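Okay, so we've got a single protein chain in two different forms coming up as structure tokens, structure 1 first and structure 2 after it.
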Structure 1
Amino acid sequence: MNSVSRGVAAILAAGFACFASPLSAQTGDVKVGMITTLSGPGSGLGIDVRDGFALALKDLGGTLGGLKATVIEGDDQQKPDIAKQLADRMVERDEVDVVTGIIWSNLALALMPSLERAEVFFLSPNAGPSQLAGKQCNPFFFGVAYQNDGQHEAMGQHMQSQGIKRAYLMAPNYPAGKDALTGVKRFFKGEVVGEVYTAVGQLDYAAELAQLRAAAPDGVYIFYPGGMGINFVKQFEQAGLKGKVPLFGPGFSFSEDSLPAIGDAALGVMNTAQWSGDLDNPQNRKFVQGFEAAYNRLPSVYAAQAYDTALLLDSAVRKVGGNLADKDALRAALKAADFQSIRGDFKFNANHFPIQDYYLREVVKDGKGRLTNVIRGTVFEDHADPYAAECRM
């Protein structure tokens, strides 16, 4: 935990008595279970989620909807069994009101049944598996970031518009990887000359890059978050493929948490996301400036999603007057999404997943020589996922 996070945690532990509203005295506090990946190759994603949520709480004076906020952290180590154990403990021992923080779709699927039985809301700041958007949609799940297919659908549309005829697709072999390539193929109508699923956590891609070179595609699309993406993009350049085969990806493979480690190998790569640091609205400017000041680094899409998750929860707690025991009212308040998202327009579909815009971004260097993303266009406006029609809530 860096100094800012330690400071926020300490302030939260102290109770923020000086900021507590009358609601606090009436109904107690809001307990948030923050289960995320804080160790291993995927830890950069979890650290950004934790820090983005903490920054929002700091901006909200340590409260959510006027109630004192307490955050209980747990490192899931990117393991489904650990995530489930943490969720069970936080529900039974700590009596948390909501759970958030999960990065990985397989972890989200693992702990959702327990949370539903306990009637505890799960506000996902990242994972958005297709199962929970469609037939397995759940009244206690809200996907605050996106449905997994979204960023990939947007790039599939961009590749189609760019005249790519023969595409090579790669992703890790887990639910979000399958969703990713399904999303690309939903809008890319050319020939897929290779569709490769690699092991989750794989860091050496020499064999796959040789196969990619032999296929000679017009473009390659990758979905590799965290350490997987860092290694792949660097090895792609080392293999001499940069500049010869156009590389495309989702925003979270070229997010600001990974770009410093990837280095100049990422320069010029086009990617798609529902948020960017240069989105011009007051909430986003405040978030970007606040994050950089607090943590001395640029915010990533993961940090942005976590910041919005806290703002959503703040709005819902306020809307129910702090009565967290009324689950139906709290669900309605969450679904109303009555907050100013740093993404701009934001609303939930019937399956509790966002309807939002998706942008085309390019990796560039800013005035300080740091790698970041800038918006080059809007691919989708008010885009909804394709699974909502299967949801019977």
Structure 2
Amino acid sequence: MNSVSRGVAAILAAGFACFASPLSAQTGDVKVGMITTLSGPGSGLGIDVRDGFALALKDLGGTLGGLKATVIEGDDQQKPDIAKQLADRMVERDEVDVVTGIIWSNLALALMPSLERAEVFFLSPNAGPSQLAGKQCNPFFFGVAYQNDGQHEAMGQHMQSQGIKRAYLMAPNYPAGKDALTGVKRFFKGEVVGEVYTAVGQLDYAAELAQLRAAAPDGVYIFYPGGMGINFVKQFEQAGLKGKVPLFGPGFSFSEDSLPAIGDAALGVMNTAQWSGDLDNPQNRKFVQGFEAAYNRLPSVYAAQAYDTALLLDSAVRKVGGNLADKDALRAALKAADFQSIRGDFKFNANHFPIQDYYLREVVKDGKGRLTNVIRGTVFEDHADPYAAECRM
């Protein structure tokens, strides 16, 4: 299947290359390289990003900043080497103007050097590793979603304000897991009675849940992306812990892409994110309705972030009058972020990461009985990441 899909992609790309001709700069179109995860266990996130971006293009009439928009898709299969091959090919042969789509931080870090060399802008609709926010911040990188620590910090703050005294923290044993719990502890000042790291990709949490029950904390924070989170929350309920120990987590672990698989076990869980489907602004209402109509499912944070990415690009292209060759002007236009974000207030920090609000959300059932999130409060206003000070740009 892989070689076939790659073959098809190659044929499409080749066909496109003949079509486009070297005159593309004058004929005036914007070429976007959409490198994201479209196969394997992580494909749900990538498909939401692709669909969110596509919906924005549809709403913009197939244009970005008044120029015709072309999206060239590539499936990175969640593998850094494949993402890099795709990026190199899109830059060299397809001559894309920007690259977007990347979900995973390790892939973003792998792509950045060659994109910087080629002077191609990389608008991340999700990945926001601390490296790119701090010492390795980059003039060609824009983190449109969040710096990775943001949601964890917001929940640390919420747990602190709830008066949680004894907290139990759990995450997979890899860099993002440690960063997540560091983010929580940056704002949670109570006692941490357990800081548990589990194997990446672990399926069964029975042993950890027994330990958790024995420790009897006031609250438990989990950072379990994707399938790990689904497993944990289902088992948490089956172990009879739901309702006894409050469960907290980052918004993307309780996002609309995984809620249907967790089922009612997720009901009532508090989580923090920079966006929610019920955010009351015209742009967001249009997005949520449009997404449901187009794809017959509720949008996730990933889809929302990708939609915003397209709006940002649209505003920047318009600002430079379609002259994508002037990289400095384009950078300034991107940095101005002169667009109506569906998440409300949004601006870029000096390190090209967002300064934005973080909301407290609760998992509830909507009118049609589907699980979704509603906002219960604002945790941070205009929150910036702690790494920006280290960025020299």
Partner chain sequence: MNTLLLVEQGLNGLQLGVMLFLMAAGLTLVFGIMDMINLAHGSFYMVGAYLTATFAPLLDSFALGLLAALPLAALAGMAVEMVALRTLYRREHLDQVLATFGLILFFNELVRIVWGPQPIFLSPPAWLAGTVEIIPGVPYPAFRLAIIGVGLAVAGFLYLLITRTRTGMLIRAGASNREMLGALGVDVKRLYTLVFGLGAALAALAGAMAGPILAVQVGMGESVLILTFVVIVIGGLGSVRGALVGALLVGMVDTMARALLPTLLRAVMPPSQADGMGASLASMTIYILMAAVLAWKPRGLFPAHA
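A quick note: this is a predicted structure, and the numbers were derived from the prediction, not measured. Every residue number counts along structure 1's sequence, beginning with 1. In this text, rigid core is short for the largest set of C-alphas that superpose within 1.5 Å between two forms.
One of the two isolated chains is the form predicted alone, namely structure 1.
Comparing the forms between structures 1 and 2, the C-alpha position of residue 282 differs by less than 2 angstroms, with the core used for superposition. Here residue 72 does not count as shifted, since its C-alpha moves by less than 2 Å between structures 1 and 2 after the core is aligned.
Remark: with the core as the superposition reference, the CA shift of residue 318 between structures 1 and 2 stays below 2 Å. For residue 210, the Cα shift between structures 1 and 2 is 4.0 Å when the rigid core is held fixed in the overlay.
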